[in-house]
Every structure is written in structure tokens, then in C-alpha cells.
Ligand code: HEM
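Before any questions on how it binds or moves, here is one chain, the form predicted on its own, in C-alpha cells.
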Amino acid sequence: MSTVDIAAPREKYQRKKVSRGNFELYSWVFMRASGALLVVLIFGHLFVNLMVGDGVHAIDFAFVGGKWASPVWQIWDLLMLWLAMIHGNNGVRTILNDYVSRDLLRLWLKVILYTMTITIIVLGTLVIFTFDPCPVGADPDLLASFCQA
């Protein structure tokens, strides 16, 4: 038989000090800040793409080429990509921590999650910064107005 020390009923509760760092706190703060910023970025993106000019009918290769010729829109879309992917990754990581009880399965699911997140961020960043709005040999009717035919 084992004995357990039980504190007297009127004794003040003493919490055991377990320090795991502040990663979860920073993740929580990041989720709130990135969520608020994503709302602004996404509604700005939707407004410009759907409401300005001819709306959804104007979205084609030339429209995207014209937008990504400007560093402002490259940074705008890059911020949307990075924040959305990291925000989503953090949310799924939290769900995995909460609902996957087997340690090995949780580890592998996180490895897959992080691999997919990093891959999409890297490929999306490459597309944004290496996109050529004036490709050689393209149909001049599809190119942006600033391209030399």
C-alpha cells in the first residue's frame, strides 16, 4: 500500500512548477494576430479581384501578370500565403496534439504536416517571385498591356 500526502483543507494550494517554455503562449498570440491580419489581407484581395474594374470576368493571365509586376502585390500575396499556411499549420498541430493519443502516430502526422507546409510555402514563394508576366512566345492577346509583343 502506498501513502499519499493530502493537504489540509484550509491550506493554500501550491502549484508544482513545471516549465515547458512559452511556445504555446506564442502560438496562441500568433493565431490571434495572424487571423486578424489575414482578414484584412483576404478581404483586400477579394475586393481588388472581384469588385474593381470588370470584376471576376477580368481575371486572366494578363490580370495576374499585371498585379505581380508590382512589388506591392507580390508582398501582399506572399504575406497571405505565409500567414495562411503557418496559421493553418498551427491550428492542425493543435488539433493533432489534442486528439491523437498515440505518440508515434502524432509524430508522423506532424512530420507530414510540416513537410507539406514547408513545401507549399517554398513553391508558392518561388512562383510569386519568379513569375514572368511576359513569357517569350506567348499569345500577345493574353499578355499584360506593358509586355512587348
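Only a predicted model underlies this, so the values are computations on that prediction, with no experimental measurement involved. Note that residue numbering begins at 1 and tracks the sequence as displayed.
Separately, the form predicted in complex with the ligand exists; it is not shown, and the next lines address it.
- Only one listed stretch (115 to 123, 102 to 110, 54 to 62, 39 to 47) carries heavy atoms within 4.5 Å of the ligand in the model of the complex, and that stretch is 39 to 47.
- Judged against the ligand in the model of the complex with a 4.5 angstroms heavy atom cut-off, the residues Ile75, Leu78 and Phe131 are out of contact without exception.
- Among residues of the shown chain, Ile95 is one whose heavy atoms approach the ligand to within 4.5 Å in the model of the complex.
- In the model of the complex, the ligand sits within 4.5 Å of a heavy atom belonging to Trp28.
- In the model of the complex, none of the heavy atoms of Ala69 sits within 4.5 Å of a heavy atom of the ligand.
- Heavy atoms closer than or equal to 4.5 Å to the ligand in the model of the complex belong, across 75 to 96, to the residues Ala84, His87, Gly88, Gly91, Val92, Thr94, Ile95, ordered by sequence position.
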